[in-house]
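In the block that follows, a single chain appears as structure tokens, in the form predicted alone.
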């Protein structure tokens, strides 16, 4: 049973319609996970706390309310893209991952729950269409790569004045220190870090790193597939 009342901590109001959608979402997710590995079996027990609640923490960022188009890079099983799409039907959300079986689930979910604002794409970030460049208000990423790497994946697709929102653990300061060069080269600045905790029995600190794009991305980016990881900025 999901403790949806806890979403009030994220400044979210849960209507009966929203409660129905989130319940259907969980049922669909766990049924699919029974035969296709999206999350671990242990994580199934804390699906709401560790995945759904965490994904929706973006609501703590005031600038999120202005978002009309969002790109989720390395979405995996659809986090944070799917929960965000469920509660924000006016935001066009594009979920990208290189693993086809995970994108297949998201497309199936979008069809079954009639999520017309959710598009899922099998691709690596470096191979996204040219039409995506500097075309998104916000890009997100959760549990994909160190900040200096994932920022390079996201940077070319965010509008000037837009934001990259990185979901990070309690070692966030270490990642930020390693990302200073990437921030400078890619024309981004850290605007704020929003700390929060997941509603689990143990202390589970999380951070939203809010990073603003201050100027256009240099023409050298995105680099070829694998370069960001093998030769990080």
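Note that the structure is a prediction, hence the values are computed from the model and not measured. Residue numbers count along the first chain shown, from 1.
The same protein also has a form predicted together with ligand SAM, omitted here; what follows describes it.
Asks: Is there a heavy atom of residue 98 lying 4.5 Å or less from a heavy atom of ligand SAM in the predicted complex?
Replies: Within the cut-off, so yes.
Asks: Can you tell me if residue 126 lies within 4.5 angstroms of ligand SAM in the predicted complex, counting non-hydrogen atoms only?
Replies: Answer yes; at least one heavy atom of residue 126 falls within 4.5 Å of ligand SAM in the predicted complex.
Asks: Could you confirm whether residue 144 comes within 4.5 Å of ligand SAM in the predicted complex, counting heavy atoms only?
Replies: Looking in the predicted complex, residue contacts with ligand SAM include residue 144, since a heavy atom lies within 4.5 Å.
Asks: Would you check, heavy atoms only and a 4.5 Å threshold, whether residue 74 touches ligand SAM in the predicted complex?
Replies: Close contact exists here: in the predicted complex, residue 74 approaches ligand SAM to within 4.5 Å, heavy atoms only.
Asks: Could you check which residue among 79, 157, 94, 105 gets a heavy atom within 4.5 Å of ligand SAM in the predicted complex?
Replies: Here the answer is residue option 79.
Asks: Which among 83 to 91, 118 to 126, 105 to 113, 131 to 139 is in contact with ligand SAM in the predicted complex, heavy atoms within 4.5 angstroms?
Replies: Single hit among the candidates: 118 to 126.
Asks: Sequence order please: the residues of 207 to 226 with a heavy atom within 4.5 Å of ligand SAM in the predicted complex.
Replies: Nothing in this stretch is in contact.
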